[in-house]
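Read the single chain below, which is given as structure tokens and is the form predicted on its own.
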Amino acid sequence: MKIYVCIKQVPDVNAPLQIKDGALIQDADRNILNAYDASAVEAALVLQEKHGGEIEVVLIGNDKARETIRKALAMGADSGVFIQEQIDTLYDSYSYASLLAAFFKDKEYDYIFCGKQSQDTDAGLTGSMLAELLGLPFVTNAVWLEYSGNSLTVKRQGDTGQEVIELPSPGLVTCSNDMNDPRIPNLKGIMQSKRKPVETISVNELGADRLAVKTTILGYEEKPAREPGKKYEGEPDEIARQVARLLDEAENVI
């Protein structure tokens, strides 16, 4: 079984940040493996331990992102692909999906795993866009996986409950961080990761000259402060009538 896992380097959400003149300023030196992608790597490793196979991680990023590939290799992935992005290009979900689709178009695999979203934008669009561009069946927000025969049984978290879906091969899954607790690389894994192969590809080799960026970030603003709540005083029955009147007349929810 061959599984590709798409990973991303993101700023550490616990690092200091500020918004100044509409720009988001973050600690550029505190970058980590996206938590949702780490869960996707862990899910692939669990399947590999049960059924064998090969795991290859794929990352689009700048030179500093190479260390994030090594983190996934230290966890246990077999090899990696580093797709080097153009300097000063702001990729959106569609451009990431397009580049990955160009990479995968001539590859053979059983499944592609992605995190359900990235911690920097929380857009949650790249995985489903990639599946559409590749013409693959896909399941989003997976919280449990089991492989049997030539298909995956996937349990996904929906808005009103959980769904169990059989996903044939080849297919794509986006993984929730509720699925598992990603393993922490040990010293042996870290040392082995330095000897594992990582292929480097320029985005130009994937047709970046035709790459379309469909989303433009105009700026950032602080989250508006929540309006103060209303406080009622008096007897309980009178307070209840006031609240009921408010819900009926002002909020129109009764």
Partner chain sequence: MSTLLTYISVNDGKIKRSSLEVLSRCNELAEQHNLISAAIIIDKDAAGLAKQLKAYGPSVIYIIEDPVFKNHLNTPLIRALSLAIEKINPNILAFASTEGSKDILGALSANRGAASLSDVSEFELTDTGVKAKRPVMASKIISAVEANDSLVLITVRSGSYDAVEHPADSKIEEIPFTIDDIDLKMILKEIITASGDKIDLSEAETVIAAGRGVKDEEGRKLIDELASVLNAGIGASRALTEAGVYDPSLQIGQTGKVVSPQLYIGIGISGAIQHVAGMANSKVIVAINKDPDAPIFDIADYGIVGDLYKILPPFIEELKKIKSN
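Numbering follows the first chain given and starts at 1. Throughout, rigid core stands for the largest set of C-alpha atoms superposing within 1.5 Å between the two forms. Since this is a predicted model, take the numbers as computed values, not measurements.
Here the subject shifts to the form predicted together with the partner chain, a form of this protein not shown in this document.
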Worksheet item: Does the partner chain get within 4.5 angstroms of any non-hydrogen atom of Asp78 in the predicted complex?
Response: no
Worksheet entry | Gln86, heavy atom within 4.5 angstroms of the partner chain in the predicted complex | no
Worksheet item: Heavy atoms within 4.5 Å of the partner chain in the predicted complex: does Ser95 have any?
Response: no
Fill in: Exercise: Gly149 in contact with the partner chain in the predicted complex, heavy atom 4.5 Å
no
Worksheet, complete the sentence: Heavy atom within 4.5 Å of the partner chain in the predicted complex, from candidates Phe103, Phe138, Phe82, Tyr109, belongs to Phe138
Discussion item. For the stretch 108-146, I need every residue with any heavy atom inside 4.5 Å of the partner chain in the predicted complex, listed N to C.
Written reply: Lys116, Gln117, Gln119, Asp120, Thr121, Asp122, Ala123, Gly124, Leu125, Ser128, Met129, Glu132, Leu133, Gly135, Pro137, Phe138, Val139, Thr140, Asn141
Practice prompt. Could you tell me whether the Cα atom of Pro236 shifts by at least 2 Å between the shown form and the other one after core superposition?
Written response: yes
